[in-house]
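Form predicted alone, single chain, as structure tokens, below.
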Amino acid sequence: MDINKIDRKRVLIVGDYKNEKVIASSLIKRGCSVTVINDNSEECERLAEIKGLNVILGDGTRKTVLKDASIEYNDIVIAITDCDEKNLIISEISKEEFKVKRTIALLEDGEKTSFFYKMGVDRVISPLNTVSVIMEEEALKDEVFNRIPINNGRMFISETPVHKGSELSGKKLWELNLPKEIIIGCIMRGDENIVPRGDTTIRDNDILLILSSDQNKLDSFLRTAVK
């Protein structure tokens, strides 16, 4: 994939330093225009060291702060604070007040997933529901990688589609020669969720739920997945 051909999506992220740093850096490398909002001045200074990143100091639940970040011009808003209520508020304001097309919200209490969707959140990220890393491929078209860190950045989970003609399609799991840092934990095939074995064959249009303890090796594998 030629990352120079990726649409220059505008993404606004509201959250804490560690998650903002990883997600923003990844998206910038892939050609997105990224702005982060953080309410900690020291963390803002550290985030400002990332080349190409626009940093706003303030409370991301306040309309005035979101307006300062030019939220209305963004394609996607990602709310990943440590407070479920704040993430819902940010998502609702983004949709209702500023007509943002796509919202993604972190949710620690997995039992509230249905409620978040009913309130209009487009994608709920819930570690408790094992769907903790989803960057909506329709929202980030042209295969911007789906990757979000958990456990303070020590583990990454990715939900990755297998496109027609991918190098993965038609191969059995054992044929992939995966490094020990990467595990394919589940294959989502239509309405079916498959816990794969070594002889499980990957097919076109499968969605792989991948866990990895190494960010670089995960990125390398994802590049193969979208070829």
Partner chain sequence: MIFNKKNTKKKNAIIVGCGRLGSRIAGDLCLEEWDVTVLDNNKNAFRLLPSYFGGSTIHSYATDLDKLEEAGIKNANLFIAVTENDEINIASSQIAKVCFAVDKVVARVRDQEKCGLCEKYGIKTICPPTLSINEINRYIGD
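Positions refer to the first chain, counted from 1. Just so it is clear, the model here is predicted, and its values are computed rather than measured.
One more form of this protein, predicted in complex with its partner chain, exists but is not displayed; see below.
**Student:** Wondering, does I89 line up within 4.5 Å of its partner chain in the model of the complex on heavy atoms?
**Tutor:** Yes - in the model of the complex, heavy atoms of I89 and its partner chain come within 4.5 Å of each other.
**Student:** Might K118 be said to contact its partner chain in the model of the complex, defining contact as any heavy atom within 4.5 Å?
**Tutor:** Contact check for K118: yes, within 4.5 Å of its partner chain in the model of the complex.
**Student:** How about K101: is it within 4.5 Å of its partner chain in the model of the complex, going by heavy atoms?
**Tutor:** Residue-level check for K101: no, no contact with its partner chain.
**Student:** Residue-level question: is T64 within 4.5 Å of its partner chain in the model of the complex, judged on heavy atoms?
**Tutor:** Heavy-atom contact with its partner chain at 4.5 Å: present for T64.
**Student:** Since the partner is left out here, which residues of 70-85 would have a heavy atom within 4.5 Å of its partner chain in the model of the complex?
**Tutor:** Residue within 4.5 Å: E85 only.
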